[in-house]
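One chain comes next, on its own, written as structure tokens: the form predicted alone.
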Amino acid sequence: MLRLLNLELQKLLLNRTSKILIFISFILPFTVLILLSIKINFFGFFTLELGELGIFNFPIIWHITTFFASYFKFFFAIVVVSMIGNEYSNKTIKQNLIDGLSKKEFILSKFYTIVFFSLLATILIAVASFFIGLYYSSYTEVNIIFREVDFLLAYFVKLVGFFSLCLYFGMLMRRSAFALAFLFVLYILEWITFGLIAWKSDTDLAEKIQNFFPLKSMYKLIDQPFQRVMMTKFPDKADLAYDYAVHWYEIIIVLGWTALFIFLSYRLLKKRDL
């Protein structure tokens, strides 16, 4: 595993564009979280300090930071599809196989890289959230601090699943731009399917089915936290209540899609004439 991971990291770190995109994907959300946690004076007109709103209190901070950071995953998605596009355009995929790398090892090297960077991103967000929470939170009890760290697991699974989808599209299309375009097409198709099911039956059934779709199932791992913040400000508003928790079956669904995307990527490579 380490050999395959090291091989892939060497390729990425020798590419200047990849290094820049990796930096943006993992350092930028970490930096933005730090900046949002400090007091900012806007030329004397007003002062913005989000910590005063209570969004950095434990345990809600785990929910907010992971939801926010997940939107930066699109930068590394470019890296993932570029990994495949460059392999085909530079003919390195054929050379790697000639040099003794099996097709299974080739796909595994990509998957190990995805897992590695997903884990790195999760650790960075965890560290930032923990120290920001310690500074701002009025709750310091250990059981409260670590009550909802399962959002970190959901964040990690969400990244691995999304990047595995990008890997599959990269293998399918062989071109970065087309692979990224397919993500948008898939998003549109999921909502068209939702609309057709809702039209033929009812919205509740359509929503339940949609939650099994690839992109929607990944999104559902970490639901939007804004309604939850409103609940803390207006606790008597019963209509604001919703289920924001991380559920085991949602994780299983995304892990299932992840395994399928990796398998399909391998099948494509195995059958394709290089």
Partner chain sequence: MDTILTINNLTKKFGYLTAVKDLSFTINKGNVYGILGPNGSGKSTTLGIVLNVVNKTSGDFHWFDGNTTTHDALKKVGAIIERPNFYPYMSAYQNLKLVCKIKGVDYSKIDEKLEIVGLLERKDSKFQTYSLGMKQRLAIASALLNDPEILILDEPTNGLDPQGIHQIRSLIKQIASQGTTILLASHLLDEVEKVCSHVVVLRKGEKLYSGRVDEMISSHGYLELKAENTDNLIQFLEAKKMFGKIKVEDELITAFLDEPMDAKDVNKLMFENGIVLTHLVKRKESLEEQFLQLTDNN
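Numbering follows the first chain given and starts at 1. What you see is a predicted model; the values in this text were computed from it and never measured.
Form predicted in complex with its partner chain: not shown, discussed below.
Chemist: Mind checking whether each of Lys19, Val115 and Ser118 has a heavy atom within 4.5 Å of its partner chain in the model of the complex?
Modeler: Checking in the model of the complex: none of Lys19, Val115 and Ser118 is within 4.5 Å of its partner chain.
Chemist: Heavy atom to heavy atom, is Leu260 within 4.5 Å of its partner chain in the model of the complex?
Modeler: Result no; Leu260 lies far from its partner chain in the model of the complex.
Chemist: Flag Glu105 as yes or no: does it have a non-hydrogen atom within 4.5 angstroms of any non-hydrogen atom of its partner chain in the model of the complex?
Modeler: Residue-level check for Glu105: yes, a contact with its partner chain.
Chemist: Since only the chain is shown here, I'm wondering whether Thr193 would be in contact with its partner chain in the model of the complex (any heavy atom pair within 4.5 Å).
Modeler: Contact with its partner chain, no.
Chemist: Could you tell me if Ile252 has a non-hydrogen atom within 4.5 Å of its partner chain in the model of the complex?
Modeler: The answer is no: Ile252 has no heavy atom within 4.5 Å of its partner chain.
Chemist: Would you mind picking out the stretch of 132 to 140, 88 to 96, 197 to 205, 119 to 127 that comes within 4.5 angstroms of its partner chain in the model of the complex, counting non-hydrogen atoms?
Modeler: Correct option: 88 to 96.
Chemist: Note that its partner chain is not shown here; using its position in the model of the complex, name the residues of 1 to 19 with a heavy atom within 4.5 Å of it, in sequence order.
Modeler: Contacting residues: Arg3, Asn6, Leu7, Gln10, Lys11, Leu14, Asn15.
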